[in-house]
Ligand code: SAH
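Okay, so here's just one chain, in structure tokens, the form predicted on its own.
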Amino acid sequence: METERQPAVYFIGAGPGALDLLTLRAERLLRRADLILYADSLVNPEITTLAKPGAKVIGTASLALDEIVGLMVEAVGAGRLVARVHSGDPSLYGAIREQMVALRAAGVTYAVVPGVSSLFGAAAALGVELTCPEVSQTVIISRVAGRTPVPEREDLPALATHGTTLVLFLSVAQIDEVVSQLREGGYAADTPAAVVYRATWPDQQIVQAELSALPTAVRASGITHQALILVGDALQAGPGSVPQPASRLYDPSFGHGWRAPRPGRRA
């Protein structure tokens, strides 16, 4: 990342959907920006209400890479501040790398502003902890191959052998293939699973089922895009579930740098 000069372009994570899940830094920059380029196929259009009077706001869903980069470079050349807005957190499937490469080649400085990923919006909607003690301490984030290939070493059956909490982006349209590969990799038919459509949006939709029943449930819901697939035993630790092992962090008998252990007492 360029650090010598003040950034002229900010790649901003817009969060999963709800406008009030923008970070304070993101909101401040959006109110200052002279040009806002936002992924209008995924980002809540309410974000445009933050633009200052006279700012130029452009949706980029219909634009190609060279057109988007051209708009940024042109604006920076005219001394304008640019906000390039992506959904969720731009570091996950944000397609920002190629934009940053092009900006570096053009001598344009930039910075990245993180956002709340739709992954965490989905976990919040489900009311679960993805890293439930003694159940799963690892979260694998991936996708199935489509028009964008996936490296062979990351094929879904291989990832599934770990049996951890697994979250798949950009894959719900291939739900039958997903479940087949997860079962091949070792997830049991009754593994808790969920699909969360447009997490934190007003039309958010949640489908929960055992893994083997998930394709049927998803088809019945009509969900075909803009959804995450979550799989793993940690999902059964939501509200009203059978109690799971508790973290030792708050166990009175467990000491750490801020609290001495209290012998004879357990949570």
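Bear in mind that the values here come from a model prediction, so they are computed numbers and not experimental data. Residues carry their position along the shown sequence, with the first being 1.
The same protein also exists as the form predicted in complex with the ligand; that form is not shown, yet it is the one meant from here on.
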Exactly one of 218, 228, 26, 69 comes within 4.5 Å of the ligand in the predicted bound form through a heavy atom, and that residue is 228
Would you check, heavy atoms only and a 4.5 Å threshold, whether residue 197 touches the ligand in the predicted bound form? yes
Verify the contact flag for residue 102: yes if a non-hydrogen atom of it lies within 4.5 Å of a non-hydrogen atom of the ligand in the predicted bound form, no if not. no
Looking at the partner-bound form in the predicted bound form, is residue 42 within 4.5 Å of the ligand by any heavy atom? yes
Just to confirm, residue 155 within 4.5 Å of the ligand in the predicted bound form by heavy atoms? no
Proximity to the ligand in the predicted bound form (heavy atom, within 4.5 Å), stretch among 199 to 207, 46 to 54, 61 to 69, 26 to 34: 199 to 207
For the stretch 78 to 102, I need every residue with any heavy atom inside 4.5 Å of the ligand in the predicted bound form, listed N to C. 87, 88, 89, 92, 93
